[in-house]
Each structure stands twice: as C-alpha cells, then as structure tokens.
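The chain below stands alone, shown as structure tokens; this is the form predicted on its own.
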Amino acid sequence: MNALLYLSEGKLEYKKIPVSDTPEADSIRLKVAYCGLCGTDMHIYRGQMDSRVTTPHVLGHEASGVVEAVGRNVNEISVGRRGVVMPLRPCGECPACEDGLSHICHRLKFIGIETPGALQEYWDVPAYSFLPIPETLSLKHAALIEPLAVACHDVRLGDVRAGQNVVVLGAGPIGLLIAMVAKHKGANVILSEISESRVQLAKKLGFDVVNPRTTDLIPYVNDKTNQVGADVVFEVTAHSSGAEVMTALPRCRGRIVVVGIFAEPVKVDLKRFFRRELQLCGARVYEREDFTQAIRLADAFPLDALITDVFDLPQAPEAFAYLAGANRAMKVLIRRDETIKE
C-alpha cells in the first residue's frame, strides 16, 4: 500500500510499503479517509521528536475512516463501520493507569508517534482505540474529532459554566475549538491572537477577538467583565508572553488551564496566585468521554471554517512544506484519494 514516510529532518517519502494479510487479533484495519496535520506532526517533520520516532516512520494521528477488517478476537466492531481513532496506548500498570487516568499514563505511547500513524492507505490500530461516528457526520469533519476532543477535555477541566467569562490566549485550531466548546456551554468568550488572518477568521465566526499587539489585553478584559476579571483563562500559545499575562486576567479564585506545551520553563507571577487565590490546571490530550462528547458536538460546529486546504495522499510532502511556510494555514487535511466521499 502507499504511505508517507518520515526519514529525517525535513525529508519525507511517498512510497509503497508492505501490508499484512490481516490485522492482529485485537486490532482493526481502518481504510483511512482523511487525516489532519497538527503541530506534533510538524515537530516530527522538523526533526524535533527524533528521540520518539523510529525511522522510516508513518506520520499522522487525526484520522477518520471505514473499518476494512477486524482481528479474530474483535467482535464488537463490524466491517464497514465509519469511525475515528483515539490514538493513545497506555501501559495499564502504572499509578496513573491504576487511578483511572490512563490518558496521562507514566509510560504513555502515542499511536502515530511511537507507532505507525495514519498517513497510509490502511491503518492497523488497537480495537479499543476505535470510536464509531454517526452517519450524519462526514468523514472530512470527523478528521477534526481528535483536536475537538482536546478542546472538550480542556473546557471540562476548566469547569466552564453558562454565563461565565472565558479568555482564550491563542486562536489557532485548538484555541478556536476551545472557544467553540466554551461558547456552546453558554460562556462569554474573548479570544487573544496576534495573527491578523486568525483574528479575522475568529471575527467571522462571531467571537470577540483582540490582537494584544494593538490593544492592551488586560484592561480590555477588565472592561468586558466590569473590572472583575475572567472566570477561566486558557493558555494555548505555549509562548512566554502568554504565561506572563495569564495570571493578570482571572478574577479572584479564577481558573487557569495550561493547554500549550512549553518546551522550557517560563516565568509565572506566583504572587498573583497568592493574592487572588488562583487555581492552575494542566490539560493533556483527552479521555474517552471527551472523544464521545466531541463526536456529539461536531455537527453543531462550523468545522469547515477551520479547514484551510485538502491535499491527496500523494501530495502529502507538499502539504508539509506548505504548512512549514504558510502563515495563513489553519487546519490542513490529507485525503486518501479523490474517490473518498465526505
């Protein structure tokens, strides 16, 4: 079958690779329809995750598709079922797994990073990782379920409620999805974003959005909240400037959810935590309930607005090069081929 292989920093190859006759006993074989590209894929492409991947490596984990075959021990999933993959492989034995927190397993492996990913025609994955989707949901939109599940997890950990004031720092794909989920919960949402194209997209989607380079964010939030401050702040930029401002925005006993992955330690105003009794929460990937919620919500959200471009699998190397240099790109999808129905 055809697959996209990561070879080394900046080097990809589209080629034929072997495929086994049947999936393993506890696995299913997914005929991949669409696969979204995300920041993790770009980190791999840039050689920043070579310690975790074994080359040549098949990238991709934000996938939708149709079950092509099932292993001999799989009874609950039928051939022809449409669905998505929750790409986590916990160990099942560590303290986190024993506490029911397998998504933050001490030895967590990510399908598509430590194991082969979805940028191939057929993808064998553990049966437990497959979640069916309704017939009303297109396979194209289903490729956004994985990042939408991230947003559902973040909003759930932030305990966002109707009528609350929420600030989202960063209006990339995850930031916009967090804003959508929070708004769906009935919250009042302010987005902060420095990219003018993303500012304009957020405005088109009906959000209150600020460019902190042209508008002072702190007084803006205070004015919008009657000088009280935000109930919940989501830090999605993974930039030191976001870490510095996030403590200045919440109300007393407000909550901060750190979503962005910081490569290095950053300065945080702990005095502000003390003075306002703030709460800080980290949010990593998702749990199964977040995936099921994302599947329920997907049809209610304007997901098409987030999809910048669609490339067919043979053009996947071009898609990576495009993402590496395009400032306007939001979410890029790779389609198996032109015969795939949405």
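One rule holds for the numbers: they count along the sequence shown, beginning at 1. Computed from a predicted structure; not experimentally measured.
The protein also exists as the form predicted in complex with a further copy of the same chain; that form is not presented, and the subsequent description refers to it.
- Taking Ala187, Val74, Val199, Ala243 one by one, only a single residue has any non-hydrogen atom within 4.5 Å of a further copy of the same chain in the predicted complex, and it is Ala243.
- Only one of the listed residues (Lys224, His103, Arg161, Lys109) places a non-hydrogen atom within 4.5 angstroms of a further copy of the same chain in the predicted complex, and that residue is His103.
- For the candidate spot formed by Leu157, Lys271 and Gln279, every residue has a non-hydrogen atom within 4.5 angstroms of a further copy of the same chain in the predicted complex.
- None of 250 to 258, 199 to 207, 83 to 91, 122 to 130 except one has non-hydrogen atoms within 4.5 angstroms of a further copy of the same chain in the predicted complex; the exception is 250 to 258.
- When a further copy of the same chain is considered in the predicted complex, Leu217 lies well away from it, no heavy atom lying within 4.5 Å.
- Though the partner is left out of this view, Arg296 does not reach within 4.5 Å of a further copy of the same chain in the predicted complex, counting heavy atoms only.
- Heavy atoms of Arg288 never reach within 4.5 Å of a further copy of the same chain in the predicted complex, leaving it off the interface.
- For the chain shown alone, Pro95 is a contact residue for a further copy of the same chain in the predicted complex, at least one non-hydrogen atom being within 4.5 angstroms.
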